[in-house]
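Consider the single chain below, provided in structure tokens and representing the form predicted on its own.
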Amino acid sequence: MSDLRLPGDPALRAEASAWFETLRDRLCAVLEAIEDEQTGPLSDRPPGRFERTAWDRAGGGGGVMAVMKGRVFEKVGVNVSTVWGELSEPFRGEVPGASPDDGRFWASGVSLVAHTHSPLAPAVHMNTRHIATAAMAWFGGGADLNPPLPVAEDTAAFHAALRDCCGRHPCGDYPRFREWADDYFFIRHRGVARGVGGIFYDYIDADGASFAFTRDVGETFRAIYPDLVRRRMAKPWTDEERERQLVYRGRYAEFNLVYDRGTRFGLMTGGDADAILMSLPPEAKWP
């Protein structure tokens, strides 16, 4: 890794990058276990397994895209990347800590997006990241639940897990992070929320405490989301429910293409396009 002499602790950057890879492996393992457990619809198909594809970034760094298409998950991706170099001049004004004459940056993170076959089992997004620019270094991330057909008890369980996670850490401000998620994951041209919310946080000063919180967000997600899928995955669904799921996915795709900052950051920093657009659903409809 190039020595960019950025703010923050280089050892913490290395530790964070390694943790994101560890979390990726643990997430892949639990999602493959769910594929093995399916006894409901599509259980006559073989269980899915992740396929990993490595990519290199011309300006520095790279990542690995892991995608699975199985009998529970129509498409799920878990990506990790660690990249560094210089932000393009037009993009520097959009990234905190960068300046017109100094576009140095380093970024590492893990991102998961899952789309299930069943419209009764929720889609989901989770991302945690560590970023450093010329003037600052921070952690960010969060998770939000995206069920086509929301179930109140699942929504409550998801939020309760995240609230408890925040409560374990001094920097974990659940009311603020929940409101931040509601504001961020909103499809403004439709006037509707993308899903039922979660937490979103950013620009938390990079130190041991914020890293501990970021790890806990990942661990909390790894525990609660598989539980929610297991509650619903064996139940049969109707053609009408599937139709509602496909239309919902169209709105999900609109958000990711129009508003998502992670999509823009990846594309503007020369990341792998397939890995960045992994979040898009495999099939969607517009009315």
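Numbering starts at 1 and runs along the sequence shown. All values reported here derive from a predicted model rather than from experimental measurement.
Note that the form predicted together with a further copy of the same chain isn't included here; everything after this is about it.
When you look in the predicted complex, the only residue of 129, 125, 75, 178 with a non-hydrogen atom within 4.5 Å of a further copy of the same chain is 75. Using a 4.5 Å cutoff between non-hydrogen atoms, residue 277 counts as a contact of a further copy of the same chain in the predicted complex. a further copy of the same chain in the predicted complex comes within 4.5 Å of no heavy atom belonging to residue 241. Remark: residue 32 does not count among the residues lining a further copy of the same chain in the predicted complex, judged by a heavy atom distance of 4.5 Å or less.
The closest heavy atom approach of residue 7 to a further copy of the same chain in the predicted complex falls outside 4.5 Å. Heavy atoms within 4.5 Å of a further copy of the same chain in the predicted complex are found in exactly one of 217 to 225, 252 to 260, 233 to 241, 46 to 54, that being 252 to 260. Applying a 4.5 Å heavy atom cutoff to a further copy of the same chain in the predicted complex picks out 273, 274, 277, 280, 281, 282, 283, 284, 285, 286, 287 from 273 to 287, in order along the sequence.
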